[in-house]
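In the block that follows, a single chain appears as structure tokens, in the form predicted alone.
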């Protein structure tokens, strides 16, 4: 008989497996390419495969080692983090990367009970936005507007 010893590990492992499998299924419709000349399906396939590997390891850990039971679901955090990702996606083209990242970070930070909007948080927010703009737009050349139509 199979005995679950770590409910939390088993649960998160199942989530990793499900998300990895979903990403893998979606990515198979795109061309893979090679490591030197990556196609649009390369990155999602690799990330999904890694996620499924983590899922197998974490699920096995939940079956073999004692662990914590699944506790109360943090609905506020789950809702705010999901909302922040959706707000980022909807505002990226119209507001631009700077505004979309700011909205993403502020809404998701509100999910934490310990978050306080202080000078350190403001500096961290600015540093993260500058870093993301430098890496993704300037460094990697991703076609994302830094400032969207709302600010032009």
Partner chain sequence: MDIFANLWLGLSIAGTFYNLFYCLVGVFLGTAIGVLPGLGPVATIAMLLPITFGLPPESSLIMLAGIYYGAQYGGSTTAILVNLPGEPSSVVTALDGYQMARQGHAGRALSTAAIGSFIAGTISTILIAVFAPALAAVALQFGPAEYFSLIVLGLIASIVMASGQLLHALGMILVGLLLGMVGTDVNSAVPRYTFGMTSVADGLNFVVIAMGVFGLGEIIANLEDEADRSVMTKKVTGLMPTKEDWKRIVAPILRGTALGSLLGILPGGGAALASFGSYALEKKMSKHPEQFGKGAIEGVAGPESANNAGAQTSFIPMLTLGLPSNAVMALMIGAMIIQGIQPGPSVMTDQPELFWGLIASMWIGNLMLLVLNLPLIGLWVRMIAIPYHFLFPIIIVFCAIGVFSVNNNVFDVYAMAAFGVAGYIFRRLDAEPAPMLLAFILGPMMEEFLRRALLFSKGDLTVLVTRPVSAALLLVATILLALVLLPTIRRGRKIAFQEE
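Residue numbers count along the first chain shown, from 1. What you see is a predicted model, and the numbers here were worked out from it, not measured in a lab.
Beyond the structure shown, there is the form predicted in complex with its partner chain, which is absent from this document and is the topic of what follows.
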Heavy atom of residue 130 within 4.5 Å of its partner chain in the predicted complex: no
Partner contact for residue 8 in the predicted complex: its partner chain, 4.5 angstroms, heavy atom: yes
In the predicted complex, residue 63 touching its partner chain (heavy atom, 4.5 Å): no
Any non-hydrogen atom of residue 33 within 4.5 angstroms of its partner chain in the predicted complex: no
Partner contacts for 120-148, taking its partner chain in the predicted complex and a 4.5 Å heavy atom cut-off: 120, 121, 128, 131, 132, 136, 140, 142, 143, 144
